[in-house]
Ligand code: ATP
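One chain comes next, on its own, written out as structure tokens in the form predicted alone.
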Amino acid sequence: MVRLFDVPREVAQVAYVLEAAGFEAFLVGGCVRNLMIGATPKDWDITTDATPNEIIALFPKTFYENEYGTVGVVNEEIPVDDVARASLRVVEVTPFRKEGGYSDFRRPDKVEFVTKLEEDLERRDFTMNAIAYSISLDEIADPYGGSEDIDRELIRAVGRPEERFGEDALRVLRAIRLSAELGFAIEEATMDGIRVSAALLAHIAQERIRDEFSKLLLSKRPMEGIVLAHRLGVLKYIVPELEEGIGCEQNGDHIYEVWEHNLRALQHAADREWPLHVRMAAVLHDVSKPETRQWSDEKNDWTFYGHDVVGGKRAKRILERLRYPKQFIEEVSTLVRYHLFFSDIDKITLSAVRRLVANVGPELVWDLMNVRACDRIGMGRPKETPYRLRKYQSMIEEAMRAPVSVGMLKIDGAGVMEVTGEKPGPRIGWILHALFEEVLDVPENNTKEFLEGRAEELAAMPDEDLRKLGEAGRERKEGEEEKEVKAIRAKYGVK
């Protein structure tokens, strides 16, 4: 028998236990929607006519820490660190319920447990999330036409949009985020409801807005999502600073105004599937261009002096307002602050590159290169990596590589003098370079014990013989350094 959906055994078992006790049990919400579009559910939700206490009594391990009846059923057979099955470790089971009164536009003033599935589905946000699936019967309950809307790739509110958005104002942003994630259009009446209800976002905690905004940036189409958020009057309640770039023309190097430039940079980061902090830095990297823009009669063009420094500080304020974690704020603001690095590859020195790495940190410097690539794509440049960008990458790798030097030895000049009795002078350098050449040939010899013994042997040699060994070691070191640098430059196709 071919079933409608392939539901994991761990999830199905929770529903079977409820049904064996005489209760109804249905998968519901986003997991059903994802099953219908062929996507893997990120979590699993079951709705039932059992009360929270009745649910808890049926399972050995549960937790109940909310006001809405949701009980977490824990499968202890799945280890906490089992990343592949993490979504199956906890199945959330919620009684059928009705909600009433939303004085704060985010939480119901009262919750009433009911006995009919249809009453539970009526309170849900969008029709595609108001579909229930009985695993045992292999049947769906779809009183609001969600299946048809999924087929039409349409996001439509259940009932009157204004009522649904008045119940939880975050839904106006969630509709836009789902549109960007799924590539679905928003139904016209639902869009009108978003426009009318957008101002209600002012009542929503910044942490909740932050989480939806992050999901939007992590979607496949964040540029479309932000454009839609602007058109529907939602963006001004999230990051109004981005809208200042609308109509803000740039200089001759750019073919797009600041608004589109930032969004195209973000979209490139999404196309490359780069992480959230890179995407955030991409969309905010020129956030301060409008406030720093000045006309230059000398250049006969616009200038944006200091927009990187000012932008780094502004990005920090934006992310603090949205309650992002401190480390995330530091990473993004640093990437914005230093995104405008180097311009003339013929004048770049390794010392300048090392200063950049020191300012940004070795853990962020490659993310900085990715932000620079996003900036370039946002200017309308071809997508292939240009010579200049490859040269930057090559020099960063050169600057960050471990230097080939006697400092790599497990013994230093003081150690040589201690074991050999030698006095400070050129013989110490000859011994170190001679030891270094031997370690290059046999890396296993780079131990304190071996090097101390070999240093004593070398110290017994006449000056001339020791000098020749030392100079040979120095030449070998320089040759190894040159070989490493050539390999790095060949890797990036630069000179």
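Worth saying up front: this structure is predicted, and the values here are computed from it rather than measured. Heads up: residue numbers just count along the shown sequence, starting at 1.
From this point on, the text means the form predicted in complex with adenosine-5'-triphosphate (ATP), which you will not see here.
According to a 4.5 angstroms non-hydrogen atom cut-off, is G69 in contact with adenosine-5'-triphosphate (ATP) in the predicted bound form?
-> G69: no contact with adenosine-5'-triphosphate (ATP) in the predicted bound form.
Taking the shortest heavy atom distance, is R293 within 4.5 Å of adenosine-5'-triphosphate (ATP) in the predicted bound form?
-> Judged by the heavy-atom cut-off of 4.5 Å, R293 is well away from adenosine-5'-triphosphate (ATP) in the predicted bound form.
Any of the heavy atoms of G29 lying within 4.5 Å of adenosine-5'-triphosphate (ATP) in the predicted bound form?
-> Heavy-atom contact with adenosine-5'-triphosphate (ATP) at 4.5 Å: present for G29.
Indicate whether K42 is a 4.5 Å heavy atom neighbour of adenosine-5'-triphosphate (ATP) in the predicted bound form.
-> Within the cut-off, so yes.
Here the chain is shown alone; which of R123, H254, R210, R89 has a heavy atom within 4.5 Å of adenosine-5'-triphosphate (ATP) in the predicted bound form?
-> The residue in contact is R123.
Which one, R156, K289, H261, R171, lies within 4.5 Å of adenosine-5'-triphosphate (ATP) in the predicted bound form by heavy atoms?
-> So the residue touching adenosine-5'-triphosphate (ATP) in the predicted bound form, by this definition, is R171.
Go through 447-455, 426-434, 30-38, 59-67 and give me the stretch that gets within 4.5 Å of adenosine-5'-triphosphate (ATP) in the predicted bound form, heavy atoms only.
-> After filtering at 4.5 Å, what remains is 30-38.
When you measure heavy atoms, are K313, S333 and R372 every one within 4.5 angstroms of adenosine-5'-triphosphate (ATP) in the predicted bound form?
-> No: none of K313, S333 and R372 comes within 4.5 Å of adenosine-5'-triphosphate (ATP) in the predicted bound form.
Contacts with adenosine-5'-triphosphate (ATP) in the predicted bound form - residues in 209-241 whose heavy atoms fall within 4.5 Å | Only a single residue, K215, comes within 4.5 Å of the partner.
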